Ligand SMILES: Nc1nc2c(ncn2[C@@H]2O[C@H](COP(=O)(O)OP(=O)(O)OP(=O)(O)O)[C@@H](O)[C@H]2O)c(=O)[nH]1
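First comes one chain, alone, set out as structure tokens in the form predicted on its own.
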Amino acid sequence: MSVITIERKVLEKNDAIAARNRQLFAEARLFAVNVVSSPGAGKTSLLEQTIHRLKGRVRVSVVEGDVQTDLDAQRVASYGAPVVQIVTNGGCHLEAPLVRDALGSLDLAQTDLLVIENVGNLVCPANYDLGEAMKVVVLSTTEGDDKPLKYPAMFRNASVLVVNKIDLLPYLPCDIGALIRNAHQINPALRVFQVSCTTGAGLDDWCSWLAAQVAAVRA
């Protein structure tokens, strides 16, 4: 019982700070998303393509979370977006206090869309609210079609599923229809985008949807 009590206290403290983060985002009239996935699913590639395609329309800022190195932050920065790196030094997820501290290095008044790229992990990030408007889970076709059933908490807590690397479907034993059915079995309200960051397929729909969310918040 002591373990449960400690975990509850940790989450309560996190949620209180997440609420303050959310208030900051509301005051700045920005749309914040928490992007989660397994390692290698393509979160950073999706972010690069998103920044590129929204340039001139939506001002994007990024909080980049990684266990080690700032390699992904360097990639994102090369596209011209303000980015703050959080290195967790082995931690398997971002927490609201880490995001709060990172926000001090960003100009939220000059941000329309804040993307928090979480540590590559489909377990721990499911339980931690960072103050985002919604979680976006990225799943690549190379991971197979049963991932939603294996990690139900993440898909239950997400609002959007982006299926990446659809250009590889002809070469993989992945049934895209089964993947989406499995995801909707866990969360019937999940919005699904099918994209390829290599060919560009589906990215216009994804970016148009993001731009619409930003416009709704700013209105």
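Only a predicted model underlies this, so the values are computations on that prediction, with no experimental measurement involved. In this text, residue numbers run from 1 along the sequence as written.
Omitted here: the form predicted together with this ligand. The next part is about that form.
- For the residues Asn182, Gln194, Ser45, Asn157, the 4.5 Å heavy atom test against this ligand in the model of the complex is passed only by Ser45.
- Relative to this ligand in the model of the complex, residues Arg22, Val60 and Gln213 are all farther than 4.5 Å at every heavy atom.
- Residues placing heavy atoms within 4.5 Å of this ligand in the model of the complex fall in a single listed stretch, namely 35 to 43, out of 50 to 58, 146 to 154, 186 to 194, 35 to 43.
- At least one heavy atom of Asp72 is located within 4.5 Å of this ligand in the model of the complex.
- The closest non-hydrogen atom of Gly131 lies beyond 4.5 Å of this ligand in the model of the complex.
- Using a 4.5 angstroms limit between non-hydrogen atoms, Ala178 is distant from this ligand in the model of the complex.
- Although the partner is absent here, Ala26 lies well away from this ligand in the model of the complex, with no heavy atom inside 4.5 Å.
- In the model of the complex, Gly120 is the single residue of 120 to 139 with at least one heavy atom within 4.5 Å of this ligand.
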